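Have a look below at one chain only, the form predicted alone, in structure tokens format.
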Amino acid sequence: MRTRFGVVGALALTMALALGGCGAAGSDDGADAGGAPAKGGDLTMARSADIIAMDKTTTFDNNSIRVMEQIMEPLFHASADGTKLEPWLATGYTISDDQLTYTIPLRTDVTFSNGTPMTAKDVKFSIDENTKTGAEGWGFVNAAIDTVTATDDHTVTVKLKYPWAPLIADLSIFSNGVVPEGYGGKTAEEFYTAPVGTGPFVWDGWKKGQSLKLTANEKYWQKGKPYLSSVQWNVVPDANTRKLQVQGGQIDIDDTPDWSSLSSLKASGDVKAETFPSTQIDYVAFNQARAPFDDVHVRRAISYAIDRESLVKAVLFGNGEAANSLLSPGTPYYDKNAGGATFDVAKAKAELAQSSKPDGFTTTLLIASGNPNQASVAQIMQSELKDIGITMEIKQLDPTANKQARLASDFDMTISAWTMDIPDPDQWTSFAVDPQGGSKSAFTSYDNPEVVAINAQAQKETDSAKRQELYTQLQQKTSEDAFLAYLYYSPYVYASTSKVQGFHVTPLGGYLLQDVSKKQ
């Protein structure tokens, strides 16, 4: 057996086997003026859309995921800067010389919020339940797993079908978070109406379309945490209303204020507006199950017609950069020379002339109502597509209905975005290009067997240089296929009142609320 302390697959992700203060992936800077974080307090966040569901194995929605992550925890966790993987419910791992067997020791001081000790049987059950969902859920991330065995109460053995570079990264994803064996005697449906985990917060209640509340887990294994008594997410679809609420102190954090308000928020004395490095890519998705988007020339025409530099200026107010690849610069193996379309009206017209719709056509772009960023992109695109003979109508749905329509592939074109959940490209590339990757290729029905094969090869390749070659090929071919029209890369943006301390967003989009405190 070889002990692996510093390598996750071929990514050379540093692993710290000692968690120190039991909060290695977060920070302890939520201190008040006296040096210690304030204990107690109720944190209220506002965001545009509600959660979809709490089943971590089948839910593809960031708003839901951010809540899950406070309740159910994985074996490993990304560091605050998103570049390293650190032990969380695990204490480390060893890997056999043939790279097929991983032995993972667990912490011995962890209980679920109901007081039941966490054991290897719970871990086995949780991973197996995720794997079972296959292409219908997040099970695709566990595709290489052959068996998971509870070797003893505090050791798990994972055997693989073949070497799999991103395994430890995959075990850090929320969908492999640990829940009680057998769902604590409930059905999965019953369990996920009020999920139980080892995390810092406990399910309290959900008023659909209005708010969701969690309360502090008094049995949390990180001693002294969480600092907060409760966390509540309010659904406030309108960006300007959220801005006024954070300025007026009715909420503590505004999740993703629109870029046009960033400067005025920064000028507010009691509000801190921050941007955080991200792995986010915003894009237009084409539904290839609907003509004419099954025609690559149509997709290329639209991609060439979009002036991304203008979008960065007009929509992001300069806070970002034009996207040119399926991967973002913050994602391992990103290639800046991937060949993504750049603004070229002549090429756009030439592609449309070669297409099944040489004289143009009428189509619809789905966006979320109350979202100034998407509205601005849509209006600019509407004008740009008109210039090449395409009439684009804008369809707005409230943010929650918009998400449901996207998940159901009920659109011609739609604006969407992706953020990484693990520091390995496989999660996104499998989700985006593999029809068996849980989402019918990011809900587009894109299917290029050559690209699927490259992605599968990259999953199994453990040599970093060879993985780079494969992911470069993948980025080039997906750019040629134009199954998405890449828009821009942007940082995450949040606005909070001066009372909020220790709030940090990782490049993977997550935040650890056990590290957050609120001045009383």
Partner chain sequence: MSHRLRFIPGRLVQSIPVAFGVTLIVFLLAHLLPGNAALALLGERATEQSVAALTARLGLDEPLWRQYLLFLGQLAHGDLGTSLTYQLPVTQLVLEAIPVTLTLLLYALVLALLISVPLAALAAFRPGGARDLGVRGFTLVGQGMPQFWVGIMLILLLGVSLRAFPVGGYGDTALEHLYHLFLPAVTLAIAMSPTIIRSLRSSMISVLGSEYVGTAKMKGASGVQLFRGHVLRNAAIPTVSIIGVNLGYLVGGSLVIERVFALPGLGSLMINSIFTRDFPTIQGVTLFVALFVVVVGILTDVVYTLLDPRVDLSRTARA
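Whichever C-alpha set is largest while still superposing within 1.5 Å between the two forms counts as the rigid core. Source: prediction; values computed, not measured. Residue numbers count along the first chain shown, from 1.
This protein has a second form, the form predicted together with its partner chain, left out of what is shown; the following refers to that one.
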| in the predicted bound form, which of 69-77, 112-120, 430-438, 147-155 comes within 4.5 Å of its partner chain (heavy atoms)? | 430-438
| Contact residue in the predicted bound form, chosen from D344, D238, D128, E309 - any heavy atom within 4.5 Å of its partner chain | D238
| note | Exactly one of S230, Q250, T275, T83 comes within 4.5 Å of its partner chain in the predicted bound form through a heavy atom, and that residue is Q250
| Using heavy atoms and a 4.5 Å limit, would one call W138 a contact residue for its partner chain in the predicted bound form? | yes
| Hey, in the predicted bound form, does K223 get a heavy atom within 4.5 angstroms of its partner chain? | no
| Non-hydrogen atom contact K208 with its partner chain in the predicted bound form at 4.5 angstroms | yes
| Does W418 reach its partner chain in the predicted bound form, with heavy atoms at most 4.5 Å apart? | yes
| note | Residues in 388-410 that come within 4.5 Å of its partner chain in the predicted bound form by at least one heavy atom, in order, are D398, T400, A401, K403, Q404, R406, L407
| message | Taking 2 Å as the cut-off, check whether the CA of S79 shifts that much or more between this form and the one not shown after a rigid core fit. | response | no
| request: State yes or no: after fitting on the rigid core, is the Cα displacement of P399 between this form and the one not shown at least 2 Å? | output: yes
